[in-house]
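In structure tokens, one chain follows: the form predicted on its own.
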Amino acid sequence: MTSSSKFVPEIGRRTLLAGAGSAALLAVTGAARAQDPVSGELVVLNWLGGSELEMMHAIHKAFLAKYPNVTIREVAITGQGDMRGGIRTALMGGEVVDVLFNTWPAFRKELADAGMLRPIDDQWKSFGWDKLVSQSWKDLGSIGDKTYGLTYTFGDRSGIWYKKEHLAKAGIAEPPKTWDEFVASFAKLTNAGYAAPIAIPGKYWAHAEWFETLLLRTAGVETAAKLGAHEIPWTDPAVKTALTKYAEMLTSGCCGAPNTMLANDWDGEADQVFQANAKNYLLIGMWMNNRAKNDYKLVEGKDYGLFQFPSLGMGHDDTSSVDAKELLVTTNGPNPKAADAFLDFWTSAEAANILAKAGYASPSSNVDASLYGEAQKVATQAVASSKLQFVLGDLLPGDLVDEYRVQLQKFLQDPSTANIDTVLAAIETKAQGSY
């Protein structure tokens, strides 16, 4: 099965189905146009899709313009849900790549422990990334005293997307700031004719977003970090409090029937909000900005917006969940010089501004922040002013994260106190054998 995503001339793509061995090759080669010390084929493993893939290809094209003696062959992993399985299949099946895109700290550690990743501390100094990217982002990409990942974008995962005309139709003057205001808005939106106020994408992983921010807002970043490292059990009272708050939302008429919640991934629920005008709020990452602009052709700040998760008044409203995407280089990649130049290019003003125009934040100080729209400014300010915790699901070992998501699907179907205890006990049982 091949991806339907558009690919850029001068970039060859090999597409692999996530979790399967079938593959097809689309090869396009670019002729060298000038002498350059960086040359040869650069093999990039990628799992991005849609308008995000188009953004990535725009950066690839700009890189090739700077390094005309380089060609890019893209190994593209396609599928649904968590893409780590597809990446494992490709690498264990013998694919040799120079660079791969990653968003899971736990997966980075898995690859580093297997000896598959090359540290980039020397490159950090020689390319001057320390002058462009803050120490906090370097720390995020590190394991122990070695740096492996170069973050190229980051996102607020505690921001709620909405369509402005929906709130206006329901007589809601501005996005709710407190939890009580948020819950009270459900009835107003329902009375205005919308099918469900909140879009819950429960098919694969995105239903966990609400729990993860509620854990931060009820118990703080320290508790979330301890849970991610299994320094406290999943049956801890703090974890139950967060899930109980999630249940309060579910029983307040937020989300429709469980079978509708389990039917869609995040993109299908985004369609329900921004195209079908059937639902109103969507808690999802900053890639939504790119989709709204480029797929739905909506105007950021005029047609849609983003507001930060409502305050709960439990002492932790200064917290936010964040994610990041990074570039990793492999130990066996045949073209390390081109790989290093590729990473460096993503810190350049040209690449950073392509990201900004597409609705993504760049950690590089080369970015022109005036290119950010209203939603991105809200998100960037939230990240800058919050105590941050990386997305919990991306910190968990692979076998545990699968159980975690399945059990939260069972919670969506029955958010009773008794089932909360059953769900958390099941996750804890799995966790005991996962570390």
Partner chain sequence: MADTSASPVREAAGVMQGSPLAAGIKGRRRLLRDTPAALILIAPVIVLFAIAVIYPLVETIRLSFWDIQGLRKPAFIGFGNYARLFADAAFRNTLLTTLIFTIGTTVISVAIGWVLAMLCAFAPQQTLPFRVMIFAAFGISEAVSGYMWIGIYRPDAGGLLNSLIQLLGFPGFAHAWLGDANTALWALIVAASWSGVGLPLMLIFAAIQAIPKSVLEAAYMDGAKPLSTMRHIMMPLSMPGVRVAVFINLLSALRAFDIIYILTGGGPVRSTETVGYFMYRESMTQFKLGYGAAATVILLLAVLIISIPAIIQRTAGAK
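No experiment lies behind these values; they were computed from the predicted model shown. Positions refer to the first chain, counted from 1.
One more form of this protein exists, namely the form predicted together with the partner chain; it is left out here, but the text below deals with it.
For the three residues G85, Q272 and K410, a heavy atom within 4.5 Å of the partner chain turns up in the predicted bound form in every case.
Checking V299, L262, A229, A349 for any heavy atom within 4.5 Å of the partner chain in the predicted bound form turns up a single hit: L262. Think of it this way: in the predicted bound form, the partner chain has a heavy atom of just one of D295, D130, D121, E110 within 4.5 Å, and the residue is E110. Mapping the unseen interface onto this chain, D402 counts among the residues with a heavy atom inside 4.5 Å of the partner chain in the predicted bound form.
Contact check for G79: a heavy atom falls within 4.5 Å of the partner chain in the predicted bound form. The partner chain is not drawn, but in the predicted bound form it has no heavy atom within 4.5 Å of A369. The shortest heavy atom separation between G40 and the partner chain in the predicted bound form exceeds 4.5 Å. Stretch-level contact check against the partner chain in the predicted bound form with heavy atoms at 4.5 Å: of 392-400, 41-49, 374-382, 60-68, the positive one is 392-400. Residues M92, E110, L111, A114, M116 are the members of 92-128 with a non-hydrogen atom no more than 4.5 angstroms from the partner chain in the predicted bound form.
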